[in-house]
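Given next, in structure tokens, is a single chain: the form predicted alone.
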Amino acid sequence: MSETTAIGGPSRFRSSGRWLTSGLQHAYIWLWMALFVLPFLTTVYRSLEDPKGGYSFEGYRFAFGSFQDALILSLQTTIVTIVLNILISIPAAYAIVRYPIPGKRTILAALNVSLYTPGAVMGLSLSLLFAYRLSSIQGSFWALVAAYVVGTFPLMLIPVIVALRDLPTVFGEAARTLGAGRWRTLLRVEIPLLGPGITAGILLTFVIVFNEFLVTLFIAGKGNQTAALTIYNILARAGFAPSTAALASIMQFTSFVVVLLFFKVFGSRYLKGTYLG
């Protein structure tokens, strides 16, 4: 009996140790997740408070009435920016990766300069550009789009370059051997296989552009108030009112839903090998 206990003792000890290690790992993950989510939960909690006492959706009723145009504008500028980034970055990535262009490193460093430029400097530079060289679009929808493309183009270019470098040329060669033309090979074979890079670029562009504030503050006209800028203006006037928190909650929820739907409906259907499967 004592031998059985002696033999089983170390085994039970190791099993208990594994359970303890696993429990600590899960607790560590849940702790950090709670800390990351806490600011958003606090915002939602504040948005449901009624100035007269108790809780209500009054802040959301105000937000939907005053926030709709700003939210639509943010979505429109984000979508147009993503499309332009894709149209620019894919040919640029092919030129950099597939063709022997002199000074590739210098060119790539110059294309990425916006990533290393402070937001305030970028906003001031774009304001000067629109004021003295492109006054015809100053303060317009296209001024916002142009600014966002300049600021986020590298976020689309770099992931596509990485994906293209990892893509063997044999896929395109096999398609052309089987009779597919150059454009059909590009659209039906190569671009879908660049899915991880393209989806990463789309996600990065969406997150940055939809929530962009500092550059927008410099260049947005009075008739082009984005969602982030509207939240700032209301915060400056009304402080941390429930309606302000409701605006922020709507913006956060919209970001989450759009990203989720993109990967669920579009990414996994048309772009093979996306990160979310």
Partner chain sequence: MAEVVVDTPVPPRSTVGDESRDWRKALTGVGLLAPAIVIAIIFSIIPLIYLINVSLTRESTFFFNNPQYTFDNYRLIWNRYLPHVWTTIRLATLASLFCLIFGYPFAYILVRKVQYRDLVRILMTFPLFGPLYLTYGIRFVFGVNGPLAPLFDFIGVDSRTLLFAYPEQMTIFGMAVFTFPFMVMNVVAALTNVDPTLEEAARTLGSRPWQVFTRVLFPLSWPGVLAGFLICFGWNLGVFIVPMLLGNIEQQRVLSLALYQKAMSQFDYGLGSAMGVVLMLLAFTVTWLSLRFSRGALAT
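Just so we're clear, the structure is a prediction, and the values are computed from it rather than from any experiment. Whichever C-alpha set is largest while still superposing within 1.5 Å between the two forms counts as the rigid core. Numbering follows the first chain given and starts at 1.
The same protein has a further form, the form predicted in complex with its partner chain, not shown here; the description that follows concerns it.
Peer 1: Is it the case that Phe256, even though its partner is missing from this view, gets within 4.5 Å of its partner chain in the predicted bound form, heavy atoms only?
Peer 2: Phe256: yes, in contact with its partner chain in the predicted bound form.
Peer 1: I'd like to know if Arg61 sits close to its partner chain in the predicted bound form, meaning any non-hydrogen atom pair within 4.5 angstroms.
Peer 2: Taking the distances in the predicted bound form, the answer for Arg61 is no, it never comes within 4.5 Å of its partner chain.
Peer 1: At 4.5 Å between heavy atoms, is Pro39 in contact with its partner chain in the predicted bound form?
Peer 2: Yes, Pro39 is a contact residue.
Peer 1: Report yes if any heavy atom of Leu73 sits within 4.5 Å of a heavy atom of its partner chain in the predicted bound form; otherwise report no.
Peer 2: No - in the predicted bound form, heavy atoms of Leu73 and its partner chain never come within 4.5 Å of each other.
Peer 1: Only one of Ala200, Ala163, Ile96, Ile82 has a non-hydrogen atom within 4.5 angstroms of its partner chain in the predicted bound form; which is it?
Peer 2: Exactly one listed residue reaches within 4.5 Å, namely Ile96.
Peer 1: Output the sequence-ordered list of residues from 49 to 73 with at least one heavy atom within 4.5 Å of its partner chain in the predicted bound form.
Peer 2: Going through 49 to 73 in order - heavy atoms within 4.5 Å of its partner chain in the predicted bound form - there are no hits.
Peer 1: Verify the C-alpha shift of Leu41 between this form and the one not shown: is it 2 Å or more after superposing the core?
Peer 2: Leu41: C-alpha displaced by less than 2 Å between this form and the one not shown.
Peer 1: Tell me whether Arg237 is among the residues that move between this form and the one not shown (Cα shift of 2 angstroms or more, core superposed).
Peer 2: True for Arg237: a C-alpha shift of 2 Å or more.
Peer 1: When the rigid core is used for the superposition, does His26 move between this form and the one not shown (threshold: C-alpha shift of 2 Å or more)?
Peer 2: Yes: His26 shifts by at least 2 Å between this form and the one not shown.
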